[in-house]
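Below sits a lone chain in structure tokens, taken as the form predicted on its own.
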């Protein structure tokens, strides 16, 4: 079920989402997004380049932000804009916890801006904003 624009309030908190960061997920999503940089799939080469292990690529982080917001917004939501910034790497064996809150609404386009953050044991991995357009009422 999709969220209706009229029912969303500025300040509303999105439910927390914990994402286990497995080695398989990090490697598979890098390869699925055609990111063949060795730091995303080869632990020894990642270490040679100064990393403690392989780490998640930005395309996967972007996709997880999209998933987090659209899971909350529902299938009728249309993502209009995603703007993210990366911080601490996502390493295998950790968990990233996604949180978010509605920061603005624009009646002219039924758009909602959501501030998002994904934090792991080291600190914030991803921070940013997502703008989605929502249906007015209960269609979708």
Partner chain sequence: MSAEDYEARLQAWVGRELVAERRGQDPVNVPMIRHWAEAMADANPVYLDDEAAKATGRPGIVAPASMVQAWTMRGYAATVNPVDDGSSAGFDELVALLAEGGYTSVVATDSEFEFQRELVPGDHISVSETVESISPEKKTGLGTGRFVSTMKTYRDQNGEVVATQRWRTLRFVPADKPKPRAKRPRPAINADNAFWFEAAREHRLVIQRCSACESLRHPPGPCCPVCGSFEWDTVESTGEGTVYSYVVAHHPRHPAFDYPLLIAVIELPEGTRLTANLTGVAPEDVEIGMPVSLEWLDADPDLTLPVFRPAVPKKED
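Numbering follows the first chain given and starts at 1. Not measured: the values here are computed from a predicted model.
We do not show the form predicted in complex with its partner chain, though everything after this point is about it.
- Just one of 39, 77, 88, 114 comes within 4.5 Å of its partner chain in the model of the complex, counting any heavy atom, and that one is 77.
- Residue in contact with its partner chain in the model of the complex (any heavy atom within 4.5 Å), chosen from 43, 63, 109, 93: 63.
- Shown alone here, residue 82 lies within 4.5 Å of its partner chain in the model of the complex, counting heavy atoms only.
- The closest heavy atom approach of residue 35 to its partner chain in the model of the complex falls within 4.5 Å.
- In the model of the complex, its partner chain sits beyond 4.5 Å of every heavy atom of residue 48.
- Interface membership of residue 70, defined by any non-hydrogen atom within 4.5 Å of its partner chain in the model of the complex, is confirmed.
- Contacts of stretch 103 to 135 with its partner chain in the model of the complex, defined by any heavy atom lying within 4.5 Å, are made by none of its residues.
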